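The chain that follows stands alone, in the form predicted alone, written as structure tokens.
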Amino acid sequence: MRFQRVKGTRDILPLEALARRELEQLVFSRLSRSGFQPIHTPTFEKFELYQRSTGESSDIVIKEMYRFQDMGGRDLALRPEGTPSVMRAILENHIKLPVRLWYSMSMFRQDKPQKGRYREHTQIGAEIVGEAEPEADAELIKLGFDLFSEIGIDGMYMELNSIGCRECRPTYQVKLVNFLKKHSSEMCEECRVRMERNPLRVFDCKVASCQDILKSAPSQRDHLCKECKEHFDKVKKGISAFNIPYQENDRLVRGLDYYSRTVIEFKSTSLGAQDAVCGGGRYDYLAEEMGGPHIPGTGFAFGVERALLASKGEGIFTYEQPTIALLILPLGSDATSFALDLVFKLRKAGLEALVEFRSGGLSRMLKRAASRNARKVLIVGEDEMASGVFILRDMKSGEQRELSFEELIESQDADSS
């Protein structure tokens, strides 16, 4: 039987693995200078954590979560998103506030696989916890904008909205439900359920007929309380001062129950219909929903796969034969032992080098070196072992020269500089 990977999962091949490392290093460098510290939470948590925080009516909880019982009968779920786990860790470990945390972790959602979206994927997220001020939202947006610009995401733009707070949202929801009831017969079955459980979630619907109806729905921003309006105005003022281009979208609500006030999405025109790269917003009630005190917070998260797709293109997901900077070709068994000792000395000196262990004549070994994409080869035989002078061959030009160990180090350093 020949095994294949499970639908919705994927193998991370060397080119992408290197790109991911580069991306993580960039994120670490930029966010650490802004006071963020790394955190990593367990891959699975109690199901109730996500049920209470993400929302019983959310698509993640209803349709997408990998939920299971362990041998002890505990109701568990694979992590579908990062923020609830991070907040749980803050509460459980009594982390002093305010705090800034970032993570790079695998997420699991049993959703239909799409371009750049998989059932197991990696998200990088940044959370500012314990700061309620709108300036924190503006700073986070600026950090995200700079990060995505540096990554090189093509056609990037941002959408922004405010979905209010506990004081003003109920009034708006009554008006929204009254509007939806007038059109309930024209809406999809899922939206009729959302209308009863969580009316704001109708804006997440992708059905064209529902989207047409929602174009004339009342706007949350027209019903913000004074405090929410002032907060939103200050967020917009902050990002305008940074000259960050954005569009106000009064239909942007995000798909999670814990959001309040500011919600954002970074998008890219290079991704087609599924254009979202990063999403986030403020979650001032999340800690309370989890049984903790009132702790304000704001954050964003983005899928690594989609970010790489938007910045580096599909080629990053393919396999490409790597180059070998220096391949040592030992002629004979004694030379192989000598070459193995030599290669570690070269690596200690900071050089990239490998040994061809398979035996054969020089002509055959050179053909293997070419097939392995070696840039240069070092030929080691009995004479070279005795004299300490080796033959260095450029595989592209065919030029050869004799070098001592010290000269070899110097020549390779010069090539890499």
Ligand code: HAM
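One-based numbering along the sequence shown. Just so it is clear, the structure is predicted and the values come from calculations on it, not from any experiment.
Keep in mind that the form predicted in complex with this ligand is missing from the display, and what follows is about it.
Enquirer: Do A301 and this ligand share at least one heavy atom pair within 4.5 Å in the predicted complex?
Expert: Yes.
Enquirer: Does at least one non-hydrogen atom of V277 fall within 4.5 angstroms of this ligand in the predicted complex?
Expert: V277: yes, in contact with this ligand in the predicted complex.
Enquirer: Is there any non-hydrogen atom of R117 lying within 4.5 Å of this ligand in the predicted complex?
Expert: Result yes; R117 sits at the interface with this ligand in the predicted complex.
Enquirer: When the contact criterion is heavy atoms within 4.5 Å, does S85 count as touching this ligand in the predicted complex?
Expert: It does not: once this ligand is placed as it appears in the predicted complex, S85 has no heavy atom within 4.5 Å of it.
Enquirer: Report the stretch among 327-335, 103-111, 204-212, 239-247 that approaches this ligand in the predicted complex to within 4.5 Å, counting heavy atoms only.
Expert: One stretch meets the cut-off, namely 103-111.
Enquirer: By the heavy atom within 4.5 Å rule, which residue out of R79, H121, R194, H231 makes contact with this ligand in the predicted complex?
Expert: Here the answer is residue option H121.
Enquirer: Which of the residues spanning 239-254 lie within 4.5 Å of this ligand in the predicted complex, based on heavy atoms?
Expert: Only a single residue, R254, comes within 4.5 Å of the partner.
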